[in-house]
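Given as structure tokens, the chain that follows is alone and in the form predicted alone.
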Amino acid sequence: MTETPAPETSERYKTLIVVLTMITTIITAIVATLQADANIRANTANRDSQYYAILASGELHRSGLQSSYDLNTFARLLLEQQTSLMMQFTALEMEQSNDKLGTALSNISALAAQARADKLASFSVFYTDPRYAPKTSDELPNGDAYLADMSKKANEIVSKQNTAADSYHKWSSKADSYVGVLTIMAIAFFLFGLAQALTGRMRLVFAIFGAVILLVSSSWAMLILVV
């Protein structure tokens, strides 16, 4: 004959299962809260990443237009200076050939080209901005500083966008992992439910399996929270 477990022992197992079920419910609620928080943080980081991506695109477009204007103005300025210098040499050759009219016309062309160059210099950032303007008349503008400043803001925005993207991947991964934890905890709920329906040692066996799964899932949740 099979021995029937004592009523006290059976009731003790039942109480244990109820306590484990309550603990699982509390831990599940905590994990669900963490999952919702991670999901919110992931969505926020994703929104920020897209926002910075748009800002970076706009800044690159703006800096491209600005640099195109600046470089074209500078190139035109150099062309006028070269034209002025060439006409001055031509005037010297005309003067040596005793061609007074040619000398006068060449000098006028040189002065006109230099005037255009001076006017372009007043519109060029390479001569109006002290960060890039040459210190002496023999020096060239500081092109390296100009290029660094033109890309500085875009690089800062891209850096923020990368940070937001990394944050999105981090929190999105956490949210997905918490879903896995909740799935395993659902198994623990199922085992505790079966244990409630059973009697004797089988009740204890299912309760132990459920407790082990609860411990594993809780440890996994703690690892996700810390890492």
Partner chain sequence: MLKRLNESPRLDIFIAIIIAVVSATTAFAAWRASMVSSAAGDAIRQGLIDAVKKQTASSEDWRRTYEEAGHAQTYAVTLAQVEALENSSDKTAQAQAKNMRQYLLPSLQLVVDLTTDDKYLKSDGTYDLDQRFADLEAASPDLTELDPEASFKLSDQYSSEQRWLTVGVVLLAISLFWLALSQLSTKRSRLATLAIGAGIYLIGLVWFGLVELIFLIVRGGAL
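Keep in mind the model is a prediction, meaning the values are calculated, not measured. Residue numbers count along the first chain shown, from 1.
In what follows, reference is made to the form predicted in complex with its partner chain, a form of this protein that is not presented.
The contact with its partner chain in the model of the complex, taken as any heavy atom within 4.5 Å, belongs to 119 out of 119, 152, 131, 135.
The closest heavy atom approach of residue 219 to its partner chain in the model of the complex falls outside 4.5 Å. Proximity of residue 112 to its partner chain in the model of the complex: non-hydrogen atoms within 4.5 Å are present. Although the partner is absent here, residue 145 is not a contact residue: none of its heavy atoms lies within 4.5 angstroms of its partner chain in the model of the complex.
Residue 33 belongs to the set of residues with a heavy atom inside 4.5 Å of its partner chain in the model of the complex.
Looking at 50-58, 161-169, 179-187, 197-205, the stretch with residues near its partner chain in the model of the complex, meaning non-hydrogen atoms within 4.5 angstroms, turns out to be 50-58.
Site residues 15, 21 and 25 are all in contact with its partner chain in the model of the complex, judged by any heavy atom within 4.5 Å.
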